[in-house]
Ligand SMILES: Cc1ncc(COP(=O)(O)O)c(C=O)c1O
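One chain is shown next in structure tokens, namely the form predicted alone.
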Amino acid sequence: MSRIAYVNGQYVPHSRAFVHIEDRGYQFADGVYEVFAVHHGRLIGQQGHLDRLAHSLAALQIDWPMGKRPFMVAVNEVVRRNHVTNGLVYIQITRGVARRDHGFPAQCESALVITARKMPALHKPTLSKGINIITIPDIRWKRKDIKSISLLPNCLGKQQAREAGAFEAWMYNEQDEITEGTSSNAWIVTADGELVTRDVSHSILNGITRLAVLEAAAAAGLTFSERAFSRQEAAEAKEAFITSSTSHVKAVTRIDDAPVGNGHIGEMTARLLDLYVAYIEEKGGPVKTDRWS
């Protein structure tokens, strides 16, 4: 059975899902996106994704293409029609179709595309196996808190990682501080046992999985710090991991080809993976989702 996409009010075969050549997303990357994980038939972090989407749309002055209730009906219908039990849903909203001009058009209807695809179910042994990452300069714009479809620097960084035989690249700013990964949030456990992830600001995209891990850690009585950390701290960390809707909680065992700790998943990372899985299966995602920048 062919995949089904939602494009501006219509459910169409994925192979015939097209947008206009003057859609501002195509012309200017004038749009935003969200990615929902689907776990055992359930959308993870639904409210968090909706709140972050609202933040991104407001920042770019793009209108919702429809009310939030019919919007979620469309999202769930795409999941149903594609028979996705475990996988992801991609949502993109652009300013819409208008004559090419840098300024915003006076009248323009937002364009909406929704797709879904199956992926393997969350598998703890795979997430625990460990990945290699590299560090690269952060060359992105200054509003990383907006989930913009303008992702060329991220793509360049991801390709650089792949060419280096790594899974991900962590980006660092002019102060030599790690900001985040090209498609994930960055975490370390310091030599002193401090759990650290970067604080929320315009410098990072506040991940929904990041928020879920923080809430799960707090519920379990674990302490953590939201602060900047340097490349040197990352190099000296005894544990590291990444979080995202597609990677969940994935152990990092090498940074710039040097082992992290003993080169295997650490105790804190393994515990947080267990806590995260239990948390999303019980709660479905983070509760407090009002911190974006």
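All of these numbers come straight from a predicted model, not from anything done at the bench. For every residue, the number given is its place in the sequence shown, counted from 1.
Not on display, but discussed next: the form predicted together with the named molecule.
From the list 225-233, 24-32, 241-249, 60-68, the contact stretch for the named molecule in the predicted bound form under a 4.5 Å heavy atom rule is 241-249. Taken together, the three residues G181, S184 and T209 all lie with some non-hydrogen atom within 4.5 angstroms of the named molecule in the predicted bound form. Among the residues N154, S110, T135, N132, the one placing a heavy atom within 4.5 Å of the named molecule in the predicted bound form is N154. Checking A216, L205, I93, A169 for any heavy atom within 4.5 Å of the named molecule in the predicted bound form turns up a single hit: L205. Remark: R198 does not count among the residues lining the named molecule in the predicted bound form, judged by a heavy atom distance of 4.5 Å or less. Of all the residues from 120-135, none has a non-hydrogen atom no more than 4.5 Å from the named molecule in the predicted bound form.
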